[in-house]
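Taking the form predicted on its own, here's one chain by itself in structure tokens.
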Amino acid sequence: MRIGWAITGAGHLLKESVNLLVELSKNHKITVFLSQSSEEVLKMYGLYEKVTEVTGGYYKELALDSDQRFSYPISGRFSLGKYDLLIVSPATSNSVAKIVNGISDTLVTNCVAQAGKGGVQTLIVPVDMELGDVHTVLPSKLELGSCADCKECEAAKKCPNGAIIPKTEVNLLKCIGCGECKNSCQYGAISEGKIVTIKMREVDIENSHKLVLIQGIYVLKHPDEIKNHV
């Protein structure tokens, strides 16, 4: 199959989505479409290279929002029916809100719009599906309560991108999720993969439910469900 896989800037269900993307790329041609925020978030979680490693070749490209400018020419493949399937996983509440309101001003939302025009089935895994609390994983974080306020911060010295601001925070826009900071701090002041609880907003849940009303779009609760459609 020729598959377009779009990733937005959500941390929730990101690892699960990337793992399945890698698995399916072994038997299918997959073009990866990254929103601007997903480029940043994938690096924060140390998953960017894992995604890029499965791309390379015709219909196996890595399409970036920043490279496609404002006309998103590669999305025209969907309107021409060149793909068998479009997957958006994970999908942020922002992207979902745009899709249900017919807004296509990003690479990902434009792909969804063009897929609809080309009759290409679209699977979307929203991160906001049900009211209540959701447990999600954080990228690297400086735990100030554990910081020993060292004269020379070993974590900052080891960071290849200068993402550690001693006694302050981790600059996630510079972080590539390599884990060097966590491994070098003897006081355990850098956490990675910490589980936090967030509360779903009602407006985001409503928008996710509206997706099912759009012809050609199928809403899934978890990336694992994608296997049933491939």
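Sequential numbering from 1, following the sequence displayed. All figures in this text were calculated on a predicted structure; none of them were measured in a lab.
The discussion below concerns the form predicted together with a small molecule, not included here.
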Exercise. Quick one: does S35 come within 4.5 Å of the small molecule in the predicted bound form, counting heavy atoms only?
Worked result: yes
Exercise. How about V41: is it within 4.5 Å of the small molecule in the predicted bound form, going by heavy atoms?
Worked result: yes
Exercise. A10: heavy atom within 4.5 Å of the small molecule in the predicted bound form?
Worked result: yes
Exercise. For V127, is any heavy atom within 4.5 Å of the small molecule in the predicted bound form, or not?
Worked result: yes
For this session: Assess the spot marked by Y45, N94 and P139: is the small molecule within 4.5 Å of a heavy atom from every one of these residues in the predicted bound form?
Result: yes
For this session: Determine which one of 94-102, 153-161, 115-123, 78-86 lies within 4.5 Å of the small molecule in the predicted bound form, judging by heavy atom distances; exactly one does.
Result: 94-102
